[in-house]
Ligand code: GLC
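Next up: a single chain in structure tokens, the form predicted on its own.
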């Protein structure tokens, strides 16, 4: 099958979060399926364009129009592309040669241009995908421009739109429709919602199929509490809204081969994990002793449950345990966590930075991984943590509910500890249960760690689910 993947970021070229990880792994997994030809399209950001490790050659150049604007498109092909997986970069220095990816005043115009430039690029390449798979609001206008202006070039193409996080929808004022999009007025209703242009809403109503990144999140999005205003629109898609739980690249996230670790280990040989714990304690200035080590690697944002952590933090640190947090985010949380860390030297290590190597060492050294998210479309951190042998404590929402069934110490079934309501005391209670089991039965705990590490979180099963969905609409 011929598949075009459209996204705003993908590792190893550029990433700011989970979308980048997904767009590294999913296209590669689909490309491994015999008969598939996958093309991945990305903006040619400054950080990518001037990275000497990323080699690319110019394939074509042309212009696209956004009303009165005529904008250049440079189409580059990554030198590492193959017959089964080709990566293309779309170059426009005015839009993409900036420090950072998002957060600019003209983000709407930048990604409206990108959506149109992708379709023009596929035309220039004489690429005829059967599936055009778009990810998040930055590529959400592709299904609209396809139907409004490019359908003759792609008569057989069907569109899939994946919501990675409904909170970020791509909104612009109502005038944006005429000033930038320049579409016939019959498209105004498709692109508009709640008095403004809404990129994500346009894709939801226009795409042939809408997916999101876990089964539970697909159900949650039908309710106002989770859908950020779009519950009615999403519910209207009925069975055309489907959840497929993400995987992780188990070759990249592998404690048996991870070079960032002090010692490698596997489910069959866990001794190295204890060495990683001691090395992490030494690295971060924690007391080097055998107490439960709790960890979070996260953005310090409200929907990640940081307010719950702040609520229980001092009570937690009065116990015989240690805590490591790695991440940056909202200033109020950074200040609050730093203040507590100053009061608990040797017990609480607060690391305000983005550091993938340190993150690996934290996953490897931790006994428990905390993820009290208010909402979580899928979550990758809990999957990585389990694969590294850190038992998760999670709020049972979204992908956390799908991937972390509650542990039953009587039967040994389950993968972690869960709580059912967004409440600090319930979060503390789940941690308390986990700590009780850690102390009470070391052999059972080791068996839980081993089972979590052996669980299959690869992309093979999700990729097959996507193929089934593609086949259902082609």
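The shown structure was predicted, so the numbers you read here are calculated from the model rather than taken from an experiment. Residue numbers count along the first chain shown, from 1.
What comes next is about the form predicted in complex with the ligand, which is not displayed.
At the 4.5 Å threshold, heavy atoms of residue 165 reach the ligand in the predicted complex.
Contact annotation: residue 131 falls outside 4.5 Å of the ligand in the predicted complex, judged by heavy atom distances. Put simply, residue 216 is far from the ligand in the predicted complex: not one heavy atom of it is within 4.5 Å. Contact check for residue 372: every heavy atom lies farther than 4.5 Å from the ligand in the predicted complex. Though the ligand is absent from this view, in the predicted complex it lies within 4.5 Å of a heavy atom of just one residue from 313, 324, 380, 207, which is 380. Here is the short version: of 139, 403, 246, 211, the single residue with a heavy atom within 4.5 Å of the ligand in the predicted complex is 246. Considering the ligand in the predicted complex, the lone stretch of 372 to 380, 182 to 190, 258 to 266, 333 to 341 in range is 372 to 380 [heavy atom distance within 4.5 Å].
Of the residues in 12 to 26, those that come within 4.5 Å of the ligand in the predicted complex through at least one heavy atom are, in sequence order, 18, 19, 22.
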